[in-house]
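First structure 1, then structure 2: two forms of the same chain, each alone, as structure tokens.
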Structure 1
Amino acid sequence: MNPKRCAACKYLRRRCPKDCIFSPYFPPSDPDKFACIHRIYGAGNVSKMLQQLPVQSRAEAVESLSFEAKCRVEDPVYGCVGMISLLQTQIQKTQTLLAKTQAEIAVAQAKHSQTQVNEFM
């Protein structure tokens, strides 16, 4: 067997051809990356997804798939969707807090103006 097989071909126990679609993105030094992606998506699906993308986008696609696969392994029920939901809730709370703070500023400005008018008179 070719000792320079990529992590995917090592995992799948097959020969790693020169034009292997996985080898640029799954170096043998990081076997867990492919193992995680394969567990969630399957090698066949990942291969199809990569084939449908232009070459220059494939590295980013692999990184995003890897991140989502890790999230799904850590949280099998919600995966990375849990993070989206949490962020959306936090954003709503923060927007409310911002609105309140800005309203307090407006109240303070109004009171300050009134005080100045009273002092003038």
Structure 2
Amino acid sequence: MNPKRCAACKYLRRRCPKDCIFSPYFPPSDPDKFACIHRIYGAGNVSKMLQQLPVQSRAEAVESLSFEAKCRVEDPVYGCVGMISLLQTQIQKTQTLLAKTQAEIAVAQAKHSQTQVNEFM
């Protein structure tokens, strides 16, 4: 067994070639990352996706696939869409609260400036 095999090759129980497309993105220290991606997408599909991308975009694509796969494992129905929806709801609630707070500040400032004008007279 070669201790330098990437997590993908270890998981697939094969030798890791020098030009392994998985090795830069699936280090042996993080085997769960590849296992999760493989469970959702399959090794062949991931390999094809990575080969179609420019080298500079592959790391980001792997991180995206990893996030989406983990979300899909945790929530098989909605996956990452469920999390995105939850975050959008939180953003809307926060924006509403911010608008209310800004309105309250504007009213308080108007009252304060009105009081100062009345004190001048």
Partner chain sequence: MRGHEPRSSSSCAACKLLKRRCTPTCIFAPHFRSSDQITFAKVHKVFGASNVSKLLSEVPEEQRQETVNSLAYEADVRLKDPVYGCIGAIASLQKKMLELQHDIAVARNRLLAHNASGVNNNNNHVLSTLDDSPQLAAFLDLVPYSDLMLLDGSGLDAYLYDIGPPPFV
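Just so it is clear, the model here is predicted, and its values are computed rather than measured. Here, a residue number simply tells you its place in the sequence of structure 1, counted from 1. Here, rigid core means the biggest group of C-alpha atoms that superpose within 1.5 Å across both forms.
- Matching the description of the form predicted together with its partner chain is structure 1; structure 2 comes from elsewhere.
- In this comparison between structure 1 and structure 2, the chain bends at a hinge between two rigid parts; from S23, S47, T101, C80, that hinge is at C80.
- As a two-part rigid-body motion between structure 1 and structure 2, the smaller part of the chain turns against the larger by 11°, taken from C-alpha fits.
- Summarising the core-aligned comparison between structure 1 and structure 2, the C-alpha atom of Q90 is found to shift 4.6 Å.
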